[in-house]
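One chain is shown next in structure tokens, namely the form predicted on its own.
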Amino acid sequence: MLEVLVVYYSRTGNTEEMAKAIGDGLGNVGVDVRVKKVEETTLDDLKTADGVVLGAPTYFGSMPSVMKEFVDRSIKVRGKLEGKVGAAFTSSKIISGGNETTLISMIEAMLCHGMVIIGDPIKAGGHYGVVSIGKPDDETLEACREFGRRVGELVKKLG
């Protein structure tokens, strides 16, 4: 069965809540889902997944150092992620906190691996991925589930 890995970092729990909702959406389309903290994720996890969704809070308009360190380590599996589906999500305290640049920083890393990126043109209005301002409300969590569903559908089409 096809598998999607949701890798996240969360200090306050907001990004974790989003990760779980994205995982729920993925599970609703019949793909295997693993939702893992970045600190517990290995490079082998990346290699075995058919899709990878990265999520992290926005820190100064970029991903936090723990996620960046993981992304930097992924150079060791360069060439092994080509053609896999990639997506990103973020949370921040304020709407002008640099959400889009954070999403782009994670997407850039996936593009360097040759991954196929899916954005979010439908519900959350983030275009590049789902965004939550503060604690995710019901509408944001529904957008996360929808985003997960769309990622899962693309994985199935390409798989």
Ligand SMILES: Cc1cc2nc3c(=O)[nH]c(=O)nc-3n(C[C@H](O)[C@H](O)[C@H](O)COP(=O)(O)O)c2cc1C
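Residue positions are given as counts along the sequence shown, with the first one as 1. All of these numbers come straight from a predicted model, not from anything done at the bench.
Below, we refer to the form predicted together with the ligand, which is not included among the displayed structures.
- Listed residues 114, 27, 97, 119 were compared with the ligand in the model of the complex; 97 is the one with a heavy atom within 4.5 Å.
- Segments offered: 40 to 48, 27 to 35, 105 to 113, 54 to 62. Contacting the ligand in the model of the complex at heavy atom distances within 4.5 Å is 54 to 62.
- Residue contact check for residue 127: none of its heavy atoms lie within 4.5 Å of the ligand in the model of the complex.
- Interface membership of residue 140, defined by any non-hydrogen atom within 4.5 Å of the ligand in the model of the complex, is ruled out.
- For the partner-free chain shown, just 134 of 130 to 145 comes within 4.5 angstroms of the ligand in the model of the complex, judged by any non-hydrogen atom.
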